[in-house]
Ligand SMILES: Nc1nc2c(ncn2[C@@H]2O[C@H](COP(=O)(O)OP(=O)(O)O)[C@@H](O)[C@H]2O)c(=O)[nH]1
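Single chain ahead, written as structure tokens, the form predicted alone.
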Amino acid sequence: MKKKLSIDDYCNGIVNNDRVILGKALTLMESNADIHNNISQNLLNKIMPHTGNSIRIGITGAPGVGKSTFIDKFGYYLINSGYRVAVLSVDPSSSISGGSILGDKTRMEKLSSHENSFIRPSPSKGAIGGVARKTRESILICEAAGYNVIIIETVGVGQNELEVHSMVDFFMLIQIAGAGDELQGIKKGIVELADAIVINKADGDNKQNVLSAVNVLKGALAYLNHRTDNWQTQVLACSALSEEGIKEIWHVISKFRKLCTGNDEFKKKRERQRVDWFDNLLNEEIKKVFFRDKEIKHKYSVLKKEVLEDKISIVHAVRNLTDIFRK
């Protein structure tokens, strides 16, 4: 019979980078069972002194722009530069079964085979922007295991990416040229969040198209103000296939990190990340407590039917529910 792991077992395994225990700890974090949530929260408290020593990079982009290939080559370059890399790659979940493709390890063959990398695919479970609800906890676990570059790959299907932006230090948008959205993308809020835009697939006959797209985007972005003082969103060409431009992208990230560390923006950003996490979890817990009330659950079903039948206004229905909660 297998011995049940204690909090100390999990903590020691994570800190000593026992990959089996690391995987089990992340599975524990993803569980929605109350007993697992209690254990995982105690574990988080225990490993907190070992966290925070990484740069967190968010990478997004529409399907087909080559995110996985880019991360494979980019991560391998970082490992050869002396870093330890964890990739938290959020796959699209089935809206019917909640299942996920989870194929990232096969798409990142070079990176997944290296001892200094850790790839964790997890289903998005319907989260806004394709970011799994437990991603923040997973970041801390990986940091405690000694990974000093954490990459969050999002689904990137045009949904609101504010959630991933609120949990990373550097936010990167990957695009391709010739898809007709080089200028259209400027209208999207996601571009205003990006610290860098990478135009991928700058190889072969497509290289000139990519360079043209880079120039167009640079000109357009000159009219947008970045959220970080003294930083203009960088636009770079890249070929993940031939690894051209990978080194330059890391140089830009390092330059951004140095700037943010020097003007205290890095510290402020981490503080905002913690406050956002606090607010999100608080909202989730309030909702759970709210719907544990049997009278509210029953009344919710009744009021929802009345709203659909236009028998009551939505504002009035919500107030009816909150009035019950206030009793």
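Being a predicted model, the structure only gives us computed values, none of them experimental. The first residue of the sequence shown is number 1, and the count goes up from there.
The discussion below concerns the form predicted together with the ligand, not included here.
Though the partner is left out of this view, residue 136 does not reach within 4.5 Å of the ligand in the model of the complex, counting heavy atoms only. The ligand is not shown here, but in the model of the complex it comes within 4.5 Å of a heavy atom of residue 69.
For the chain shown alone, residue 64 is a contact residue for the ligand in the model of the complex, at least one non-hydrogen atom being within 4.5 angstroms. The ligand is not shown here, but in the model of the complex it comes within 4.5 Å of a heavy atom of residue 240. With the partner omitted here, the residue from 120, 165, 201, 84 that has a non-hydrogen atom within 4.5 angstroms of the ligand in the model of the complex is 201. Here the chain stands alone, but in the model of the complex its contact with the ligand, taken as any heavy atom within 4.5 Å, falls in 55 to 63 among 42 to 50, 27 to 35, 287 to 295, 55 to 63.
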